[in-house]
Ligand code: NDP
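Take a look at this single chain, the form predicted on its own, given in structure tokens.
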């Protein structure tokens, strides 16, 4: 089978298209023939070596497809089932062997490409808006990168809850996408200072939560637009890692809360994984959550997919098609 493998950490060129044997399932595994693999910034972090994993490794944390074989102990899935997953390495390939208890069923009304596009980013948007800081109707959220993969879904979920959404984007094209997703106000951080503009839009009161996937270039100013005792949710670093931070600043700015969540802790049990994925798939099937699959690439073009993602040229979701 074809797969994208990293033998030494580095840039997009570190990803090689290689031939590997089709995996055989261990007793607790299922082998899945992939229909689509999601491309995410976490893949960049593993490729660069920022997140550690034994080398060589097959990249990819998200996928969907059809079960072709199961191990002797597997009862939860069977050959022919449509399944999806997130948070498991090995998805940039034609086949993948995955722990069966981490696979979720894809319901009717959701395609395999939609499932691959929604698992990581959709469940991330769900835990951010429903658990990390459970938004309430009438509250105000600032969403950075509001036209990105997570951003567009997070804006929709926040809007559906009834929150006021302020988004930041880099271009007018992205601003239009964020508005269409339900953002009440959108600012171009390339043309205006989001700190000053957010304070103006909230009459100086600030917002209840900042959802920040950008990191280095937005973090400090983000703290300045929070109301006292509200929360900074830092869930990514597309502009780079946030420098070391003195926690006393949180008290000086109004007894603020700060968290650096990750999806794995919000789907820690199978019950929570099934509940969260089911909630996201239900929103998609009902038409309440619209996915923007911006581009699909053949598996062999994984390098280009990463270049496009890192170049901040993308809106919505990128998929690799084996």
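Residue numbers count along the first chain shown, from 1. All values derive from a computational prediction rather than experimental measurement.
The next section is about a form of this same protein that is not shown, the form predicted in complex with the ligand.
Requested in this report: Answer for residue 90 alone: is it within 4.5 Å of the ligand in the model of the complex, judged on heavy atom distances?
Outcome: It does not: once the ligand is placed as it appears in the model of the complex, residue 90 has no heavy atom within 4.5 Å of it.
Query raised in the report: Is there a non-hydrogen atom of residue 189 within 4.5 angstroms of a non-hydrogen atom of the ligand in the model of the complex?
Result: Yes.
Requested in this report: Decide whether residue 263 counts as a contact residue for the ligand in the model of the complex under a heavy atom distance cut-off of 4.5 Å.
Outcome: Result yes; residue 263 sits at the interface with the ligand in the model of the complex.
Requested in this report: Please check if residue 239 has a heavy atom lying within 4.5 Å of any heavy atom of the ligand in the model of the complex.
Outcome: Yes, contact at 4.5 Å.
Requested in this report: Name the single residue among 194, 219, 235, 133 that comes within 4.5 Å of the ligand in the model of the complex, judging by heavy atoms.
Outcome: Partner contact (heavy atom, 4.5 Å) among the options: 235.
Requested in this report: Name the stretch, out of 247-255, 197-205, 165-173, 72-80, where some heavy atom lies within 4.5 Å of the ligand in the model of the complex.
Outcome: Flagged stretch: 165-173.
Requested in this report: Please state whether all three residues 124, 127 and 213 have a non-hydrogen atom within 4.5 angstroms of the ligand in the model of the complex.
Outcome: Yes, each of 124, 127 and 213 comes within 4.5 Å of the ligand in the model of the complex.
Query - Residues from 33-55 in contact with the ligand (non-hydrogen atom within 4.5 Å) in the model of the complex - result: If the 4.5 Å heavy-atom criterion is applied to the ligand in the model of the complex, 33-55 yields 40, 41, 42, 45.
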